[in-house]
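In the form predicted alone, a lone chain appears below as structure tokens.
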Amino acid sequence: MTDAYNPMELMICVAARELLDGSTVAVGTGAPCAAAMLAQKAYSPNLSVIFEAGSLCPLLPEMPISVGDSRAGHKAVMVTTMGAVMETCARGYVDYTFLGGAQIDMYGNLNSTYIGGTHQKPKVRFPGSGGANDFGSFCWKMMVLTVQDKRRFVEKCDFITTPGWLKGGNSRYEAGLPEGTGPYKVFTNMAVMDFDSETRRMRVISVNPGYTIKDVEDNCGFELLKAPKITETEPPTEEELRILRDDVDPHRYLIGRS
């Protein structure tokens, strides 16, 4: 083990461990793509990566800068259309997705549309859904990678771009989304969270090295539930860091930002 890693490297390494060999994951660029590449190179060689722009099962030589980057289709089984990718998700063929957003609430609902004002006259406008709504609605396990602070972890999203557990309980399925799908885990620079199986509220399951549960609570805008036993997140191994730094992001486009 080593302590010489930054928060971005920690989040990517911890998230990558969730991706089982032989499974499928729909990702965008940035940290989710890095996590998928690390998983593919370290533990899950048969992990199938899918990009919303249409690339299916590429073997990525390096991180693309966008989902439409030609590198996203390197040695892909197929480069098809966004519609075909979303249909694949809707048919139930995609196990995981990683998403992010400007806001997330206690039920894992995500906002990537606007903050403040109204939809017509917002204070801040963001890119919107892209493929996030479809991924969050139809992939079996939705995971979130994001930095933790009170501005992002809010009591109520100003707008729900991607549905999480909606209002908790059975509300997601009552709204018509497929049973068995939904938010699964949240990875931040401070902790790892999952969701209570009955209330569907966000719950701390492990705290990252260097932080306390109070740090996590102080940087969250709503009351977090706590697992019966909260552990310390396993830090990156030397091998994970080697692959991440040498093979996944050798130019430090992503991990150099921390």
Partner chain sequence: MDGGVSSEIQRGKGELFTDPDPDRARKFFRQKSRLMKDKTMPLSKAVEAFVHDGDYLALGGFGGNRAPIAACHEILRQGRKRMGLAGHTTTHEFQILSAGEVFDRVDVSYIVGLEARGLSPCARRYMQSGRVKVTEWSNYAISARLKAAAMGIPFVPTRTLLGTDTFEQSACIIMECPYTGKKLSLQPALYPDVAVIHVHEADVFGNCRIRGILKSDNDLACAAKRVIITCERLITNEEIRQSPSETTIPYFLVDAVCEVPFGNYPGNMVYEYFSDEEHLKEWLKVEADPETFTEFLQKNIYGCKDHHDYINKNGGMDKMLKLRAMEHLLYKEAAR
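Positions refer to the first chain, counted from 1. These numbers come from a predicted model, not from an experiment.
Here the subject shifts to the form predicted in complex with its partner chain, a form of this protein not shown in this document.
Interface residue among Thr231, Asn46, Thr212, Ser70, judged by heavy atoms within 4.5 Å of its partner chain in the predicted bound form: Ser70. The partner is absent here; in the predicted bound form, the one residue of Cys220, Ala42, Val192, Ala53 having a heavy atom within 4.5 Å of its partner chain is Ala53.
For its partner chain in the predicted bound form, the listed stretch (182-190, 142-150, 93-101, 158-166) containing residues with heavy atoms inside 4.5 Å is 158-166. Remark: Thr29 counts among the residues lining its partner chain in the predicted bound form, judged by a heavy atom distance of 4.5 Å or less.
Contact check for Val124: a non-hydrogen atom falls within 4.5 Å of its partner chain in the predicted bound form. For the chain shown alone, Asn170 is not a contact residue for its partner chain in the predicted bound form, no non-hydrogen atom being within 4.5 angstroms. In the predicted bound form, its partner chain lies within 4.5 Å of some heavy atom of Glu62. Residues of 115-152 that come within 4.5 Å of its partner chain in the predicted bound form, judged by any heavy atom, are His119, Gln120, Lys121, Pro122, Lys123, Val124, Arg125, Phe126, Pro127, Gly128, Ser129, Gly130, Gly131, Asn133, Asp134, Ser137, Phe138 in sequence order.
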